[in-house]
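First, one chain by itself: the form predicted on its own, in structure tokens.
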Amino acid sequence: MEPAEVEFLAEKELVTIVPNFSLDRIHLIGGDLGPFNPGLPVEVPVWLAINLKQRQKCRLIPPEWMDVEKLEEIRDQERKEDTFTPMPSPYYMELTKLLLNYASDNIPKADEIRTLVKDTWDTRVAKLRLSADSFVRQQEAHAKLDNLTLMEINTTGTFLTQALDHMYKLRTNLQPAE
């Protein structure tokens, strides 16, 4: 799966906006949205929130987890644990990128949030690389990958499957013929 496909999936996540326009409920294939009333918060998919924000039709309210203190806790917990800790959203990296690119003026301490999420990402990817290295060295046949996000799996998936394929070919060539 390409990173753009993962981002597309992330755009279906719901966020809260405060519209500055009135509109009755809209009926879409993915479900009904609205009604939209000025000043009253409403949950919409990220793709719609970004579209409305670009047209200056709303103010975006950042997700509850997109807070400096909470992200510091998550980062510190991730650094402390040997295993992967649960993330606040299965699309935390993609949502951070999208929301900070299109609505950073609605997110307090946006630069600190960007840094904290990047630190957490780097820690998790380093753990993933160490786990993959250990997995390959020990010639394991399967692994349990709890609490990884789709994008994190996506970053090492191709490499790991190719490495395992090469290992399989080497093993089968080294076994004596019967």
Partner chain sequence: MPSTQKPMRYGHTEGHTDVCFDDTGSCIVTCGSDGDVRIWENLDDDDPKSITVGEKAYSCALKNGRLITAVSNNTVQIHTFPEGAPDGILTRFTMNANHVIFNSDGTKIAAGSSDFMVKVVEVTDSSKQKTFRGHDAPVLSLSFDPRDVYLASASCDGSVRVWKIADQTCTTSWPLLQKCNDVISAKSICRLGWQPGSGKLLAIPVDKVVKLYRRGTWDSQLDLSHKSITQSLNVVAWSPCGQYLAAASVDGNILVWNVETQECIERMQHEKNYTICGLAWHPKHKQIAYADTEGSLGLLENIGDGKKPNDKLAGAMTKDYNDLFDGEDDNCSNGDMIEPQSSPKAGANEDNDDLMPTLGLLRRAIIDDDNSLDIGMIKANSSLLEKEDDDDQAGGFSALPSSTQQPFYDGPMPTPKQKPFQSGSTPAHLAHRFMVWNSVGIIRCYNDEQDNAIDVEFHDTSIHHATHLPNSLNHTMADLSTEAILLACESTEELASKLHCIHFSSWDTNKEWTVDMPEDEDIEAVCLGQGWAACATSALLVRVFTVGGVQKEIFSLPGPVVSMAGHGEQLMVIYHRGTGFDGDQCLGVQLMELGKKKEQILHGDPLSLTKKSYLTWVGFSAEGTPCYVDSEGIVRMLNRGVGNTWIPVCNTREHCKGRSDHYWVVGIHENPQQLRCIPCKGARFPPTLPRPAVAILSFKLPYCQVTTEKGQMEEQYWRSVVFLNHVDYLLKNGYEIDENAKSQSVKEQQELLMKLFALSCKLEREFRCVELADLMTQNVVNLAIKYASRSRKLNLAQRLNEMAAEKVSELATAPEDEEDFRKHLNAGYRSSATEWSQLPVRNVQQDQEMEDAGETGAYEEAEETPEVQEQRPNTFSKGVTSAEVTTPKSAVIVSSSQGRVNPFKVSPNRKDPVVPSANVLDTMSKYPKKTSLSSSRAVNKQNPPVIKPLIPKPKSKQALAASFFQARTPTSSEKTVEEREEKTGNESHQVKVTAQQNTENGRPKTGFQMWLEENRANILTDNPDLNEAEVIKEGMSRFRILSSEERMVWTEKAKRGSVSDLAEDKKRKRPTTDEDEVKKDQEQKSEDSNVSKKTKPLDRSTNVRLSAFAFKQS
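Please read these numbers as outputs of a predicted model, since none were measured by experiment. Numbering follows the first chain given and starts at 1.
The next section is about a form of this same protein that is not shown, the form predicted in complex with its partner chain.
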Are any of the heavy atoms in A126 no more than 4.5 Å from a heavy atom of its partner chain in the predicted bound form? no
Is I26 part of the interface with its partner chain in the predicted bound form - any heavy atom within 4.5 Å? no
Would I61 show up as a contact with its partner chain in the predicted bound form if we use heavy atoms at 4.5 Å? yes
When the contact criterion is heavy atoms within 4.5 Å, does G39 count as touching its partner chain in the predicted bound form? yes
Which of 31-39, 66-74, 113-121, 128-136 sits within 4.5 Å of its partner chain in the predicted bound form, heavy atom basis: 31-39
Pick out the residues of 2-22 whose heavy atoms come within 4.5 Å of its partner chain in the predicted bound form. P19, N20, F21, S22
